[in-house]
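Just the one chain here, laid out as structure tokens, in the form predicted on its own.
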């Protein structure tokens, strides 16, 4: 099933647009993929382990180096452009002194971080585009950051260890854009391995690629319900987890985070927690255990066990962590009844956004069509359902 044309950025189109706009030949093409989290939700701020996958939807940039200390960007999908200098970005302004548009904060933030590290960051003219749906929880912003960092490393002739590059891009989003994201998104975009999921330990930053089931595909279903995760909801979940740790430390003094308590230990002490704290903590403790069980299922080539863990994750996110949405529950319910679906669950922060489904490769087209139609029938909302494959991480080449 070849779907490459639907997903991968049309490099020739970017090339043509660049020549038309700048009347010059570009020199480098850089790309970075989006990501989907297969298992391990709301555990990253509890020092947990996760199973993301870089996907074959990506950001592509075509660019040339210029001698001026400025950046001229064209965002093809938005039909917008901006010029900023390496001086003006420290005030988050463009060359003319106007505030940078929000979309430009991501590449500008990367330049801001790299300049502070005193790396060679060249002036560029660039045209870029994305095949990652915006606002669907597939890390389009992280892919933009990683693609530009990769581009500047190509022009500057320097290399940064992959995890450090991911952390630099995370810093750009945290401190320049002002979004308090974890490292998961940038890590996945930098370190993706074709045909593999990534086991990532958010505490130690150790990771390893694990071969995904060769006869299965991941299908992403965008509910088209805009994610309404208010910062207060996120902060409340995080604070409740911290409260659980403080209360459990009376019984386990060495406990540093919910990562440090096993499901068996938690079962013994859960009764000492108030009901809401108990449910929130239970999700985190069991979700981390589910990720370890999923690694075993992958190594044993056990699709049914892996899929069952995905369903269990969804029910836990719905009932214990309370971050689902009725439309996400409908998506999972429909998927579970369709032929060839091993597992389904919400992915990302919740309260809207997407579900992720593991489907037998032989029925993927049929599954996509049926889930799309049945979801519309139930909700009167036209979702977006599409299959993805595990992609390699960011890369660049001369053009």
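The structure displayed is predicted, hence computed values, not measured ones. For the two forms, the rigid core is made up of the largest set of C-alpha atoms that agree within 1.5 Å on superposition. Positions refer to the first chain, counted from 1.
Absent from the display: the form predicted together with a small molecule. The rest refers to it.
The small molecule contact at residue 182 in the predicted complex, heavy atom, 4.5 Å:
Answer yes; at least one heavy atom of residue 182 falls within 4.5 Å of the small molecule in the predicted complex.
Proximity of residue 311 to the small molecule in the predicted complex, heavy atoms at 4.5 Å
The answer is no: residue 311 has no heavy atom within 4.5 Å of the small molecule.
Does residue 42 reach the small molecule in the predicted complex if we count a contact as any heavy atom within 4.5 Å?
Result yes; residue 42 sits at the interface with the small molecule in the predicted complex.
I'd like to know if residue 103 sits close to the small molecule in the predicted complex, meaning any non-hydrogen atom pair within 4.5 angstroms.
Result no; residue 103 lies far from the small molecule in the predicted complex.
Looking at 26, 352, 52, 348 here, can you tell me which has any non-hydrogen atom within 4.5 angstroms of the small molecule in the predicted complex?
Comparing distances to the small molecule in the predicted complex, the residue within 4.5 Å is 348.
Of 207, 213, 155, 234, the one that lies within 4.5 Å of the small molecule in the predicted complex (heavy atoms)
Checking each option against the small molecule in the predicted complex, the one that comes within 4.5 Å is 234.
Counting only non-hydrogen atoms, which stretch in 95 to 103, 158 to 166, 299 to 307, 183 to 191 is within 4.5 Å of the small molecule in the predicted complex?
The contacting stretch is 183 to 191.
Aligned on the rigid core, do the two forms place the Cα of residue 238 2 Å or more apart, comparing between the shown form and the other one?
Indeed, residue 238 is displaced by 2 Å or more.
Take the rigid core as the frame of reference and indicate whether the C-alpha of residue 349 shifts by 2 Å or more between the shown form and the other one.
Yes, residue 349 moves 2 Å or more.
Is residue 151 among the residues whose Cα moves by 2 Å or more between the shown form and the other one after superposition of the rigid core?
The answer is no, as the C-alpha of residue 151 shifts between the shown form and the other one by less than 2 Å after core alignment.
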